[in-house]
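Next up, structure tokens for two forms of one chain, structure 1 and then structure 2.
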Structure 1
Amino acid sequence: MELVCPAGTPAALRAAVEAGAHAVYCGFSDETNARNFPGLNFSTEELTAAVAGAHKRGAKVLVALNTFPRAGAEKLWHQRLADAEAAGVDAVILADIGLLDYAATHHPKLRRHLSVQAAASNPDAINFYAETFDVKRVVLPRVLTVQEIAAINKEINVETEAFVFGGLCVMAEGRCALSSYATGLSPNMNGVCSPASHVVYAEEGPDLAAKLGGFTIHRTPKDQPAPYPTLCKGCFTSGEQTGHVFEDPVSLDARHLIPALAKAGVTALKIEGRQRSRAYVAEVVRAFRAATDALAEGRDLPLAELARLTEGQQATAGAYAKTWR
């Protein structure tokens, strides 16, 4: 199985390739990708050099252009498609119908993957994108069980890629406006969710309040670690109840499901975390490469402990387990 690893910087990309990534994914330093954070991502020159370096070691480079182009400004996204093709990337990862249509027409030889941001969560949606825009691979939304993935793979003729580790979106990806409601900046339009520019930590009595766009997302005693105020993992009150209304602050770790995902026909495993450090990426990639190698050789999976790398030091099998069902 192909291991697809995150690279927020050229250094992280090198580290991921050296640690055994079969493929890395990255984005340009602007609003064309959904991890548009300050200090992250690639210039055209950096991407060209990174592709050459990765190819020398037999690794692929995939470029995410997975935001929804701004009306009146589509040219920037079109330019980035041309830049990615010129840099020699192995595929682009797209979510917007207009951009898919443009890419299929103007860059027919550039391999197209469907981003998780397109939220294609059933065979009809996947087949629509495959037949209409000649998409070769679909990154599956994190709402499906392994059985559901197996059933989908029986009805489609394109590759599937499933998330196995890292941050966890609980809303249908690419269709969530919570961040722009609270801050004015959104994943779809700006490539950011719960942006750091809108975070304020305020000492209030014995507590530390974490606020996003003026809304209090957490309140923790000052001597305890304060979580980052990600909207859907915040602590709220509804009626008599106070708690994590949407999702606990946990990360996805589905390593134990790798054999089941392989059996379900999944082509590639994806690790989330382009905002993570080079050291983190290297460590996670090494652990997962050991797992995919063991699978390929028919050995038992080495399930080394990665929990300390997960958010809130807690891991979940997420939607794959579907305990919330």
Structure 2
Amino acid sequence: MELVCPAGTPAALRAAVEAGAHAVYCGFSDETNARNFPGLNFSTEELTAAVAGAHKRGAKVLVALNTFPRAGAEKLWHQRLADAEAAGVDAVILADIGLLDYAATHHPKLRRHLSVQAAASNPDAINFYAETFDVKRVVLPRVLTVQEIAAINKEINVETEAFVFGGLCVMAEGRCALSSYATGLSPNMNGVCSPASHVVYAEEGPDLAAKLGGFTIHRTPKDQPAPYPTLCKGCFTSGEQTGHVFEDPVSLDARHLIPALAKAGVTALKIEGRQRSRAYVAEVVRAFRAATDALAEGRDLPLAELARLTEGQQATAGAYAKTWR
């Protein structure tokens, strides 16, 4: 199975490749990708150099152009398609139907993957993208069980990629409006979720309030660490209870499900975390490369301790098991 790893910076990309990534995904330093945060991503020159370096080590580079172009601003996304092809990337990861059509028409030799942002979660949707835009791989939404993935793979003729580690999202990818509601900026259109430009930490009596767009997302005593105010992971009061109303701070860790995902026909395993440090990337990639190598050689999977790298030091199998049903 192919191990697809995140890189928010050239240094993180090198760390991922050195740790054993079969492929690395990244984005340009603008709103054309869903991790458009200050200090992250690549210039065209950095991407060209990164692709050359990765190819020397036998690794692929995939570029995410997975936001939805704004009306009247499509030229930026079109230019980035040309930049990605000129840099020699191995595939682009797209979500918008218009951009998929443009890529298929103007860059037919550039391999196309369907982003999780497209939220294609059934064979009819996936076959539409494959037949209409010659998409070669689909990144599956994090709402499917292993059994549902197996059923999908029986009815499609393209590769599937499944998330196995990192942050989770409570919304259907590509359709979340929470960040947009609070700040006017969304991951879908602007590449930013709960953007730092709208974050304020304010002392209020004995507490420190972490706010996003004027909304208080967390309130903690001044002598305790205040978390980043990501809206869906905030603490809110509902009725008489105060807690994580939308989502607990927890990370996906599906290493123990890798054999089942392979049996279900999954081609590639994806690690989330382009905003993470290169040290984080290197450690997680090494752990998952050891697991995929063990699977290929018929050995038991090593399950190195990664709990300290998870949100809230908690891990879950997420929707793969759907234990709440």
Partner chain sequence: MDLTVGANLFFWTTDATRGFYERLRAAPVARVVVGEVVCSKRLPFWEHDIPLIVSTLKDAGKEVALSTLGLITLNRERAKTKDLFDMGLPVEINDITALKNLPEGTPFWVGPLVNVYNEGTLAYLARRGATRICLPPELPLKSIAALCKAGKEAGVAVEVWGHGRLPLAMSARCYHARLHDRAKDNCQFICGADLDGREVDTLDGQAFLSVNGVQTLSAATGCAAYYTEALAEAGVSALRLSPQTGDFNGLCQGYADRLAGKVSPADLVAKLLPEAPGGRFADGFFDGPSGSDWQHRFRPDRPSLSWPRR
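Rigid core here is just the name for the largest C-alpha set that superposes within 1.5 Å across the two forms. Source: prediction; values computed, not measured. Residue 1 is the first residue of structure 1, and the numbers go on in sequence order from there.
Notebook entry, point to check: Where is the form predicted alone shown, in structure 1 or in structure 2?
Noted result: Pick structure 2 here.
Large Cα shift (2 Å or above) at residue 157 between structure 1 and structure 2, core-fitted: Comparing forms between structure 1 and structure 2, the residue 157 CA shifts below 2 Å.
Under a superposition restricted to the rigid core, does residue 228 display a Cα displacement of 2 angstroms or more between structure 1 and structure 2? Moves: yes, 2 Å or greater.
| C-alpha of residue 131 moved at least 2 Å between structure 1 and structure 2 on rigid core | No, residue 131 moves less than 2 Å.
message = If the core is used for the superposition, what shift in Å does the C-alpha of residue 242 show between structure 1 and structure 2?
response = With the cores aligned, its C-alpha sits 3.7 Å away.
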